[in-house]
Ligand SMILES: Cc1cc2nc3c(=O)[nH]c(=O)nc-3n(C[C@H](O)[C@H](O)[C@H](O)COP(=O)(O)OP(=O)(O)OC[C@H]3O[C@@H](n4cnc5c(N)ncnc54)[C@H](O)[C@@H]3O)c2cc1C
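The chain below stands alone and is given as structure tokens, in the form predicted alone.
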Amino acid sequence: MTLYDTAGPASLSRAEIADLTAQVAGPVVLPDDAGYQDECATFNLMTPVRPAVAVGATSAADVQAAVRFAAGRDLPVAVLATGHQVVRSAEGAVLLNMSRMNAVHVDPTRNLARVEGGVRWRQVLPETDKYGLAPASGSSPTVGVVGYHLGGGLSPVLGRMHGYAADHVQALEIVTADGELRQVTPSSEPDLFWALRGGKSNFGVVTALEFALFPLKHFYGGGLFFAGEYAAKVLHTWRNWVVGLPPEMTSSIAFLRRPPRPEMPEPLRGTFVMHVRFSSLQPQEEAERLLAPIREIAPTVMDTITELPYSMAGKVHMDPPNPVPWVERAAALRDFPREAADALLAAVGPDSGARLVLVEIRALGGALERPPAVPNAVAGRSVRWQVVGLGAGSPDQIPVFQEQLKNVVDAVAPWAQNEMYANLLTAGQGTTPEELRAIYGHERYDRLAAIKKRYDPRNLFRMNHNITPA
């Protein structure tokens, strides 16, 4: 089974490319041109893209020109900001590389940030930190800010206190399939504003995004690492403990198998450990009081919990800072009882023989369950737990990883639900209209499909978890 759905090859003449090149300030490259591989590079090395032509956008005007070029030839448009979440290989498409659009502006008087379409969190956090402000950013500083918000945005520090990042978007600029640049707010285009926040990249190319910031300079957090022999005790203790945390505190737990590579911290190199991730907006004394039951489980292999500037929030999860090849699967759970934990231990625990580098269980709840002040299309607010599995290695290992990821999903299937958080979807997951309808729920999906028909009736933006026009 292929990881991608293809659009078929598109043949573009040099004359057509010369015409497009004359309209944009950024580079325009074909598959045989120098620079094509760099323009198409993804963060997930297991998901390459192979468009008919790649355009390095430098402005909204470049994006408009490229979208009009594609629309005039009935070619699909693919958007690449960071390449963390690639669904299709973009064959036959016009690819827009947004990485050059990386301006960040912070307005401390209104607690707002405005970013261009290619900005990553690592470019935002130092700027907001200057003013003692924090966005509802994710676990990895290399993730793209726009794509993160379009899929919901789940912060491992601020999410349970303030909800999904998409709930705090104030305005967007987007180039739609007709090539128009639209200013989208709750009052200017209410339906599109609703759909963009949760509906992913189905409605156009977002060239700028404005979102709220929260007063926060530091938090208390990090990770506790336990030897794999304690996996069952750690998982069951954590499962009972985490449900009693206040919304100011967030925790997840991960089965980690770290390769014996020099870049790995010495205590973790080549080992299997249980990683309890933790963050607290409350004072250290209160956080440590609540952490006591976890610290008492067993001696730690490594302890990174300390006071951290919010700009260093990536230290909680310690996601890879450089591109790596991986495949993943995810599931959304209504509940995570003892039986589910035991099933997961059988699938990926110390005696399972599993080779997955990570299987994480996230405890949600708090503000993530509440509807936002301005409604949006974010799905899965009823989800209480998320399970994410990841296999990383060479392409020849994909079949093994896929089988073991299936084992993980099957293990928790009795407690799973269809509706889930869109940013967890991967290639091959949620790629048919029927699957997406289940993931979004019928009413939400029908509204998204109707809005899609209004703004993208020919489905130009289909190199994604595609919502087809109604």
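In case it trips you up, residue 1 is the first one in the sequence shown, and so on. Since we're looking at a predicted model, the values are computed, not measured.
What follows is about the form predicted in complex with the ligand, which we do not show.
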Exercise. How about Asn466: is it within 4.5 Å of the ligand in the predicted complex, going by heavy atoms?
Worked result: no
Problem set entry | Touches the ligand in the predicted complex: Ala90 (any heavy atom, 4.5 Å) | no
Problem set entry | is_contact(Val143, the ligand) in the predicted complex, heavy atom dist at most 4.5 Å | yes
For this session: May I ask you to state whether Trp238 is within 4.5 Å of the ligand in the predicted complex, using heavy atom distances?
Result: no
For this session: Could you tell me which of 203-211, 227-235, 363-371, 306-314 sits within 4.5 Å of the ligand in the predicted complex, going by non-hydrogen atoms?
Result: 203-211
Exercise. Leu158, Val327, Ala379, Ala81: which sits within 4.5 Å of the ligand in the predicted complex by any heavy atom?
Worked result: Ala81
For this session: Work out which of Glu286, Asp319, Glu248, Asp191 lies within 4.5 Å of the ligand in the predicted complex, going by heavy atoms.
Result: Asp319
Problem set entry | Residues within stretch 225-256 having a non-hydrogen atom within 4.5 Å of the ligand in the predicted complex | none
